[in-house]
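Heads up, the chain below is alone and in the form predicted on its own; it's given as structure tokens.
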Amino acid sequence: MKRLQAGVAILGLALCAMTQAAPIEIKFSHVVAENTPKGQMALKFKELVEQRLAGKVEVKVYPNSQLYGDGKELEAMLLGDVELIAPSLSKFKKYTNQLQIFDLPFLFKDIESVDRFQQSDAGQGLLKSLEPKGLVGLGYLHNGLKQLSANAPLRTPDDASGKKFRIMSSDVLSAQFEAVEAVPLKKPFSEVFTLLQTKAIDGQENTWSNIYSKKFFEVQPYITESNHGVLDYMVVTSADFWNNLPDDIRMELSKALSEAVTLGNQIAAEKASADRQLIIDSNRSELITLTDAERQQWVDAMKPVWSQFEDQIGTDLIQAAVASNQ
């Protein structure tokens, strides 16, 4: 009898262990520093999940291209090697032409206009445009408006002629720099500092937070405050992973991510101003403020890129983005 009772107890323990499934692991990979809006958003998401889904979900954050560079993230996620990434919107050309809209130069007046468009029906529809490719767009994250940095002053488009600029992998951005007779070079984000330091390239475009956090201002003597484009991200996962989560887990993850993105966007707005001032205070890089006439020269030179990609992106979508500036 005692042997039978012992056997039942052991069986019970074994069944209990089987029912206590291991927590779902979410690897969140990104390519920027932890003190950027994206880095802080990822850490906030981890914190919220640990609070609300302790023992059920475990989030591991890998910043600074620790797992994958920005050219490999999407492929790794589709293979199931990571569960969450937040690539720049330029990275989705392989999956949809429509998201190229965010690379069009001088499309948005300010970051508030970007936000209005992203929250509109048209912008929310773009999150779903990736589903036929097995991707699920979960939300937009701001980084900010882009500035031009270079090893020589950039005041007019003629100043960019012949100079080599690092760009993300984007045909629109290639066309943008070709429009001012510059030479665009598609290079990974993780290589930019070294390329600038060794003068393998003449300049680059980026937001204030990236220019500061990656210390580009230390190896670029001039920064032109152009606000010529937007650098935002889409938080994305694979349909296989997302759709196979239990409903209650998926709902809690969605809530946590929404809160984390809201925080990330607040940080983006604050850092755009604070990091700009830190760069000025460093005296390492001279800030060039364009006159209205100088800025208009850049607009006139680059705006024809819109019509070049209008058929791929869609006229209605571009008009919706322009309407967000009102």
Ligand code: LMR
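All figures in this text were calculated on a predicted structure; none of them were measured in a lab. The first residue of the sequence shown is number 1, and the count goes up from there.
Beyond what is shown, the protein has a form predicted in complex with (2S)-2-hydroxybutanedioic acid (LMR); the following relates to that form.
*Asks:* Given that the partner is absent here, state which listed stretch (245-253, 88-96, 109-117, 131-139) has heavy atoms within 4.5 Å of (2S)-2-hydroxybutanedioic acid (LMR) in the predicted bound form.
*Replies:* So the stretch in question is 88-96.
*Asks:* Which listed residue (N210, T224, Q220, Q176) meets the criterion of a heavy atom within 4.5 Å of (2S)-2-hydroxybutanedioic acid (LMR) in the predicted bound form?
*Replies:* By the 4.5 Å heavy-atom cutoff, the listed residue in contact is N210.
*Asks:* Using heavy atoms only and a 4.5 Å cut-off, determine which of I288, I267, L67, V32 is in contact with (2S)-2-hydroxybutanedioic acid (LMR) in the predicted bound form.
*Replies:* Checking each option against (2S)-2-hydroxybutanedioic acid (LMR) in the predicted bound form, the one that comes within 4.5 Å is V32.
*Asks:* Is it the case in the predicted bound form that H228, R295 and S324 each bring at least one heavy atom within 4.5 Å of (2S)-2-hydroxybutanedioic acid (LMR)?
*Replies:* The answer is no; none of H228, R295 and S324 reaches (2S)-2-hydroxybutanedioic acid (LMR).
*Asks:* Can M168 be called a contact residue for (2S)-2-hydroxybutanedioic acid (LMR) in the predicted bound form at 4.5 Å between heavy atoms?
*Replies:* Taking the distances in the predicted bound form, the answer for M168 is yes, it comes within 4.5 Å of (2S)-2-hydroxybutanedioic acid (LMR).
*Asks:* Should S149 be classed as touching (2S)-2-hydroxybutanedioic acid (LMR) in the predicted bound form when contacts are defined as heavy atoms within 4.5 Å?
*Replies:* Result no; S149 lies far from (2S)-2-hydroxybutanedioic acid (LMR) in the predicted bound form.
*Asks:* In the predicted bound form, does F241 come within 4.5 Å of (2S)-2-hydroxybutanedioic acid (LMR), counting heavy atoms only?
*Replies:* Answer no; every heavy atom of F241 is more than 4.5 Å from (2S)-2-hydroxybutanedioic acid (LMR) in the predicted bound form.
*Asks:* Using heavy atoms and a 4.5 Å limit, would one call Y233 a contact residue for (2S)-2-hydroxybutanedioic acid (LMR) in the predicted bound form?
*Replies:* Y233: yes, in contact with (2S)-2-hydroxybutanedioic acid (LMR) in the predicted bound form.
*Asks:* Would you give me the residues of 188-214 that have any heavy atom within 4.5 Å of (2S)-2-hydroxybutanedioic acid (LMR) in the predicted bound form, in order from first to last?
*Replies:* Sequence-ordered list: F189, N206, N210.
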